[in-house]
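Consider the single chain below, provided in structure tokens and representing the form predicted on its own.
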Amino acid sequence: MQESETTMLIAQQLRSGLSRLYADLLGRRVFKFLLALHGVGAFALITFGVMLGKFSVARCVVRPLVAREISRAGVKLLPMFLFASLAMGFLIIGQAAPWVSRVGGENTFLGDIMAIVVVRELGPLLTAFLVLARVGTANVVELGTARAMGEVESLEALGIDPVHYFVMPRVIGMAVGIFSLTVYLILGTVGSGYLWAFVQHVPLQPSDYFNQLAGALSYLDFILLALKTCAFGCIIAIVTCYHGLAQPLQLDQISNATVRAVGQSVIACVLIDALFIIAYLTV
């Protein structure tokens, strides 16, 4: 009896210790998340304040920076998005056409599927993630290196606002770039989707296919698409610039800052997408 009671007591102590350990770990995670949310939120307010107050300041300097960011987050990624649109059209139609044919609706639902999957959800989200992987990570590395090498302090000593010089062009460029690439990706996917349907001998005329697309979409879809993609661009630029610029960094800390920036950007984009899903369902 004494041995069994001792064993039960030890097991209870172990369970209580593990419970405290998990509670401490969860508490640290929540506390770090709240700190990151507070920091990114404050940095976002500073960024938008600078954009409103200094939008027309030093145009001859800022405009080339904005054009460079639009080129980097948009034009230079067009070949990759051409391949992505061809692959998406093949995957969606390749999976949807056999399933639709089994329920006897192959002439009815393919356009609706493309509209719902590509225009509303997969197109904007995939574009945001690809731009984050190619350009967002570069933002953290570039700004983190500039901060570690003392370039930010040098600009401040010259009276140049680092947020105006570094962050504002990236926010505008990434918002415009993600919006443009999303439109490009959607058009390419819709076109390649019909191409793959034709290759699979789906009896669907081009006029019927595009009429289905037009019937499945409304003006609200285009408005929410523009708002969503611009929101993705702004939040990715702000989060990546925050982790590269807002905190003092050493060169060996840039990789960890990049990992944190990517993770928080993905979470932020998913949360924004969830808000727009609610908007689709309620409006």
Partner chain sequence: MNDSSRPLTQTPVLEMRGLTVASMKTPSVTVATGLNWTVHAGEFWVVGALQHSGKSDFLMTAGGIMSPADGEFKFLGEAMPIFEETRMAHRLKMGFVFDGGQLLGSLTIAENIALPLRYHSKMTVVEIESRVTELLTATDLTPWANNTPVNVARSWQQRAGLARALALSPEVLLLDSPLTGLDVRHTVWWLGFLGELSKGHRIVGTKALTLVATADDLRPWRGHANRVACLSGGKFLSLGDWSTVENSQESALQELLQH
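A quick note: this is a predicted structure, and the numbers were derived from the prediction, not measured. Residue numbers count along the first chain shown, from 1.
Not pictured, yet referred to below: the form predicted together with its partner chain.
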- [ ] May I ask you to check whether residue 64 falls inside a 4.5 Å heavy atom distance of its partner chain in the predicted complex?
- [x] yes
- [ ] Determine whether any heavy atom of residue 191 comes within 4.5 Å of a heavy atom of its partner chain in the predicted complex, and answer yes or no.
- [x] no
Task: its partner chain contact at residue 214 in the predicted complex, heavy atom, 4.5 Å - done: no
Open item on the list: Please tell me whether any heavy atom belonging to residue 165 falls inside 4.5 Å of a heavy atom of its partner chain, as the geometry stands in the predicted complex.
Closed with: yes
Task: Proximity to its partner chain in the predicted complex, single hit among 96, 160, 204, 117 (heavy atom within 4.5 Å) - done: 160
Open item on the list: Using a 4.5 Å heavy atom cut-off, which residue among 86, 138, 176, 155 comes into contact with its partner chain in the predicted complex?
Closed with: 155
Open item on the list: Using a 4.5 Å heavy atom cut-off, which of 76 to 84, 142 to 150, 183 to 191, 117 to 125 contacts its partner chain in the predicted complex?
Closed with: 142 to 150
Task: Heavy atom within 4.5 Å of its partner chain in the predicted complex - qualifying residues of 58 to 83 - done: 58, 60, 61, 64, 68
